[in-house]
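A lone chain, given as structure tokens: the form predicted alone.
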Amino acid sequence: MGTMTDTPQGGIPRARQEPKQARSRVTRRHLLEAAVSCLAEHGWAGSTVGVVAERAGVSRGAAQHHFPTREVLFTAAVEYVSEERSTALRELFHSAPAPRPAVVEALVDLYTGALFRAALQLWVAASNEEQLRPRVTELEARVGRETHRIAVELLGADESVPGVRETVQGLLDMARGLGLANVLTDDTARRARVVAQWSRIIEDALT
């Protein structure tokens, strides 16, 4: 027989609550990942809640339970994957300090995949959608600050030295530009040369 601690005040046994909460978290994650994929592939106009729900393998009603509007869904999706990528970037160099060229290359890689394409579609939509613009503006500012902090940490940059903060920000701006160029064409060869040059610039500026 169960004890009093087996049943919360609401009367639903914890053994039943926990699997339901776990399923809810899985559904939410599937929706967020599907939203990023749809946005990167189809753009804002072709990415509806219904399309995302179908890709995620859930009903439209379940999708709207987690995300009542399309604006909430897609800003949450880009934020979620940004956080995942930031975590992965930190863990990539967690065990030991990395050579700065490897860090530069990893930072550039953040801007050349599906996440950046999805974010770009969101920015374009926000320029035309008044209700979306404040969400995207706030999200971009937050993601930008976090990426800058990670870059400073991984590069071992001392921002008390004049010009270092601007050098790190210039690296991130350059990476974003390379990501933009990669949207239309495969820019791999030119990107490799630019990254190599920026690695030398960063090494000289931070040493």
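Computed from a predicted model, the values in this text were never measured in an experiment. Heads up: residue numbers just count along the shown sequence, starting at 1.
Note that the form predicted together with a further copy of the same chain isn't included here; everything after this is about it.
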Every residue in 167, 170 and 174 with a non-hydrogen atom within 4.5 Å of a further copy of the same chain in the predicted complex?
yes
Would residue 133 count as a contact of a further copy of the same chain in the predicted complex, using a 4.5 angstroms cut-off between non-hydrogen atoms?
yes
Residue 61, heavy atom within 4.5 angstroms of a further copy of the same chain in the predicted complex
no
Under a 4.5 Å heavy atom criterion, is residue 43 part of the interface with a further copy of the same chain in the predicted complex?
yes
For residue 24, is any heavy atom within 4.5 Å of a further copy of the same chain in the predicted complex, or not?
no
Which is the contacting stretch out of 112 to 120, 73 to 81, 86 to 94, 99 to 107, given heavy atoms within 4.5 Å of a further copy of the same chain in the predicted complex?
112 to 120
With the partner left out here, which residues of 179 to 207 have a non-hydrogen atom within 4.5 Å of a further copy of the same chain in the predicted complex?
180, 181, 183, 184, 185, 190, 193, 194, 197, 198, 201, 202, 205
